[in-house]
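What follows is one chain in structure tokens, specifically the form predicted alone.
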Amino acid sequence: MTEPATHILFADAISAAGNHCLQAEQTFFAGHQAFSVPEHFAAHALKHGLCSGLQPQPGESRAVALFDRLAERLPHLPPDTAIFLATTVGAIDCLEQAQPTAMPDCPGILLDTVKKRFPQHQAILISAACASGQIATACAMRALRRNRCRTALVIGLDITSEFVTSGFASLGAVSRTITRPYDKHRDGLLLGEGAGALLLSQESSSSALGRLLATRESCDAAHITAPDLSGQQLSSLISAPLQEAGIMPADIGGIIGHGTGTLYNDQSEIAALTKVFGCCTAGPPLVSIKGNIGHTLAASGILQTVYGLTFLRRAQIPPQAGLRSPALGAEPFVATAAQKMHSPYLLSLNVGFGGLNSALLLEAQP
């Protein structure tokens, strides 16, 4: 039996695309790549997607400052609201600034900040690499469907840091120029930071922004950092929420892909999409917002859902930022201009280290 849809009562995000969703919408549909070199750590000229005007107080974590900015805009939380926090490294700058013998619990610092802000509500941490945001959303949906809470607040947040930049650079995954998701000349990702929030409920509301229909997660365990290049595992995952919701591949109006701009991620994702949508007359329009704002780690899935509501409202998928020549197999999906959505269904994909995969199906508010 199909599970009832989960309603999105509130959605907001902060990223390099803009401090508000309206600014972000303009960034995406202009195809603008919002990257600059950080000043808060030694980035060695590598560009990042930075949240503008984010200036922590002396001794304050950048992650805590970003959360505080987001929290000021959150609505009043009803009683019996559960909070799901998605982050990969949390207040990682606390580790960078600590004494050599100190080992601060960086995700725990951010979780404690959330708990202090909302002392009347249970808050839990979801850390599942770069799929954390959508997996946290899936956990919230299941909690609501099992009547474990009345409403659920899902928060995704990560910051740019020397620690994470060094890690991705050591893998040879960082672009020295500009990130180009799904482009044949792509040479790596650029990192970004962001924070987003969703307030979810099983109770329908005339003011709801959209609906979450189905979600699925899997672990293909192909490699600790590399995906399954055949796309077989990811294609199976994509098919599952469509089947649950009773939606055919041809009914999907658009896709927000993981699209890091690295050679392997994009190759595996294109292979998976071809397996699922290759039977369609034309593939659904595809975009990776990482081309605009960088890879925001755990925030990615939340930002994709928040901004995806904007795309659904416009019934358009924005142009793929950084695209010049589509990679082999990506030609039916990506474009340098905005693409029309022919249906109110949007698919969002996240992939994380360790073989983690997540697919989420979003619908415009009927």
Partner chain sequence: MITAAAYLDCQKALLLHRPGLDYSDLSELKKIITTGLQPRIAADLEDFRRAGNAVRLAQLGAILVASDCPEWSSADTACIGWNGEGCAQANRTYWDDFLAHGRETGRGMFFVPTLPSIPACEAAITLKIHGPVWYFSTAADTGLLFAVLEDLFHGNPTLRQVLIAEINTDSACLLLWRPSGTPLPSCQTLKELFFHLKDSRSS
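These numbers were taken from a predicted model, which means no experiment stands behind them. Numbering follows the first chain given and starts at 1.
Heads up, the form predicted in complex with its partner chain isn't pictured, but that's what we're talking about next.
- Message: For its partner chain, considered in the predicted bound form: do all three of 129, 217 and 233 come within 4.5 Å of it, counting heavy atoms only?
- Response: So, yes: the whole triplet contacts its partner chain.
- Message: Check residue 265 for me: does it contact its partner chain in the predicted bound form (non-hydrogen atoms, 4.5 angstroms)?
- Response: No, residue 265 is distant from the partner.
- Message: When the contact criterion is heavy atoms within 4.5 Å, does residue 96 count as touching its partner chain in the predicted bound form?
- Response: Residue 96 belongs to the contact set for its partner chain.
- With a 4.5 Å heavy atom cut-off, would you call residue 139 a contact of its partner chain in the predicted bound form? Residue 139 belongs to the contact set for its partner chain.
- Decide whether residue 125 counts as a contact residue for its partner chain in the predicted bound form under a heavy atom distance cut-off of 4.5 Å. Residue 125: contacts its partner chain in the predicted bound form.
- Message: Counting any heavy atom within 4.5 Å as contact, can you tell me which stretch out of 102-110, 283-291, 246-254, 72-80 lines its partner chain in the predicted bound form?
- Response: Of the options given, it is 102-110.
- Message: To verify the annotation, which of these, 239, 205, 177, 166, has a non-hydrogen atom within 4.5 Å of its partner chain in the predicted bound form?
- Response: Only one listed residue qualifies here, and that residue is 166.
- Message: By the heavy atom within 4.5 Å rule, which residue out of 195, 273, 153, 135 makes contact with its partner chain in the predicted bound form?
- Response: Only one option qualifies, and that one is 135.
- Query: If you look in the predicted bound form, which residues in 146-165 sit within 4.5 Å of its partner chain (heavy atoms)?
  - Reply: The stretch 146-165, when checked against its partner chain in the predicted bound form, contributes 146, 148, 162, 163, 164 at the 4.5 Å heavy-atom cut-off.
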